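Quick setup: one chain, the form predicted alone, written in structure tokens, and binding and motion questions come after.
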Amino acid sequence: MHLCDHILRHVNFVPEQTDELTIYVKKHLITMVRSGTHKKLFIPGPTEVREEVLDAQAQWMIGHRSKEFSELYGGIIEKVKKFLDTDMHTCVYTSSGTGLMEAAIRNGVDKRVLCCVNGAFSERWAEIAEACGKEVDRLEFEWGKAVKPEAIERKLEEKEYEAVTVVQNETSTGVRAKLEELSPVVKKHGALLLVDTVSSLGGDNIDVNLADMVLTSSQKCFALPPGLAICTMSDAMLEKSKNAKDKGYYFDLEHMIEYTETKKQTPETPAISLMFALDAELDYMLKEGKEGRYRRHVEMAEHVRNWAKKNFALFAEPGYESVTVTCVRNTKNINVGELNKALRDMTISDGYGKIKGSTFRIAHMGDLTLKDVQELTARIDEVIS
């Protein structure tokens, strides 16, 4: 029984006003619980979550083998496909994005993989592949630099690889890869293209049809709490999964797609509350539209970049800057921890990995607006001055 139901038992009310009073009490109880603890997040995940999405999780539980769940999950899959403009195989895992990075390796690679590394998270993918017992070659780029098609071309001409991994939006450096340039090169050599869009899908304008597997997480541009991971995959990737050795159980993509497409369910128990939230957020995303959402992210990115160039310097290679997170060179040696204390109800992120301290990051992703980032930069200016 909800706390508000206990309260209602001790409140005098007219029977026909029950529903109205229940809504009133719930609303104000939620406000009381959340008050005084909220800091608006301008970090690259978890990102800011709207109250409507938080509230969507508070629905009565349903069985994951019920007709109601099949309708919910089936609807989510169709909405994801509609938003991304794809007919590719699509599924939602109860997992972090890292789980699907491992799934891509276990299902898409039997022996050898080329991992493009230009930051902390692309390095993580190479480490995952090694932990899965694969033969891994790293194609290294300087942190802050983008993955280039000609470099991939040279490696694919030297040796045969089953797959190439690319982080489309390297969260640690704020560098964006251009899939439209990389995809033809990988396809020409018959390899699978596996793409991490954890911090960009739903914000950047990404054509998932260019890759054999594209994966993302709920807590970034989809503006949900952490806990869900979404992926699309090609027929070639699914066929590879069918014949893959040692692909494990939980992240067997063939098994997952079979359940998704035949039963509109997941093989194992999913995070149903988060599914309710995802369903609500997808309605919001579809109303805004993929192009509209992209334009809003570009507006926010341009504002933050211009502010950073005026006051500090950008870390990313020119022309390859992320549209969802800006990595700023900390030329003034500000203490990010102290800055966040001074910002009070807002917070940004320190640098990541080997560039922690020399950089800091401001995320402009999910459901944030231009007004939000304008208020943030104005507040930072005030604190620094």
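Predicted, not measured: the structure shown is a model, and the values here were computed from it. From 1 onward, residues are counted along the sequence shown.
Keep in mind that the form predicted in complex with a small molecule is not shown, yet the notes after this line are about it.
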Residue-level question: is N169 within 4.5 Å of the small molecule in the predicted bound form, judged on heavy atoms? yes
Is there any non-hydrogen atom of M300 lying within 4.5 Å of the small molecule in the predicted bound form? no
Please check if V198 has a heavy atom lying within 4.5 Å of any heavy atom of the small molecule in the predicted bound form. yes
Residue-level question: is R176 within 4.5 Å of the small molecule in the predicted bound form, judged on heavy atoms? no
Okay, which stretch from 118 to 126, 202 to 210, 265 to 273, 80 to 88 lines the small molecule in the predicted bound form, with non-hydrogen atoms inside 4.5 Å? 118 to 126
In the predicted bound form, which of the listed residues (S183, S234, T260, S96) lies with a heavy atom within 4.5 Å of the small molecule? S96
Only one of L192, V304, M101, A277 gets a heavy atom within 4.5 Å of the small molecule in the predicted bound form. Which one? M101
